[in-house]
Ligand SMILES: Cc1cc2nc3c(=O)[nH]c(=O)nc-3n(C[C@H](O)[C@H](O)[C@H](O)COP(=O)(O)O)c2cc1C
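Consider the single chain below, provided in structure tokens and representing the form predicted alone.
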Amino acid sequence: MNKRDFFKTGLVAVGTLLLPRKAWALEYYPTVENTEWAILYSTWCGTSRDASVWISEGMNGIADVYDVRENPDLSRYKHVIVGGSIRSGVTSQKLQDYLITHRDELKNKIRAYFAVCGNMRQPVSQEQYHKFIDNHLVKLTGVGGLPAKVFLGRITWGLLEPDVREMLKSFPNMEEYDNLKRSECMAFGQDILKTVNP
């Protein structure tokens, strides 16, 4: 490699490192360029991030995956899946604010919802669908009648804020657990695709 090529390569590498962090928003594993699908999630400890990536995997990896904390621009997408981790019966305030702020932009794009909750390690029932989907996400977006899934979540002590960790540890027999299943998330991704492209 001659000096000129070496210098050009070095400038490109340095320029890449100087790109703002936002330019590298949390996109995961798209298998096609210019995908029409995005998954928007909120999470505290990463459970909904994993659910989102696995939902995209179930869709053959065609969905870009975004953490709402990145404040992504979803205007180029035709199809959006929305979900998040539940705490005290709701998703994060950032997701709620984002959905309200972008309600008009998203109303014709939302194709499905999901929620992730510990549910005191009990099986998910219609009560959770009603509470987290119908009475929460649907009310925020104004778009109902779509596929939805409530997944059981997990607790990792080291990822929780100290006050939340201590509160949860005060419950009898509370311990770390992981009830999120990749296979369930992938199956939901496949189901979503079938509703849009039967």
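For every residue, the number given is its place in the sequence shown, counted from 1. From a predicted model like this one, the values you see are computed outputs, not experimental measurements.
This protein has a second form, the form predicted together with this ligand, left out of what is shown; the following refers to that one.
Stretch from 139-147, 59-67, 32-40, 154-162 whose residues place a heavy atom within 4.5 Å of this ligand in the predicted bound form: Selected stretch: 154-162.
All of 86, 116 and 168 within 4.5 Å of this ligand in the predicted bound form, heavy atom check: Yes, because 86, 116 and 168 each have a heavy atom that approaches this ligand to within 4.5 Å in the predicted bound form.
Distance check, residue 129 to this ligand in the predicted bound form, heavy atom within 4.5 Å: The answer is no: residue 129 has no heavy atom within 4.5 Å of this ligand.
This ligand contact in the predicted bound form: residue 53, any heavy atom under 4.5 Å: No, residue 53 is distant from the partner.
Distance check, residue 45 to this ligand in the predicted bound form, heavy atom within 4.5 Å: Answer yes; at least one heavy atom of residue 45 falls within 4.5 Å of this ligand in the predicted bound form.
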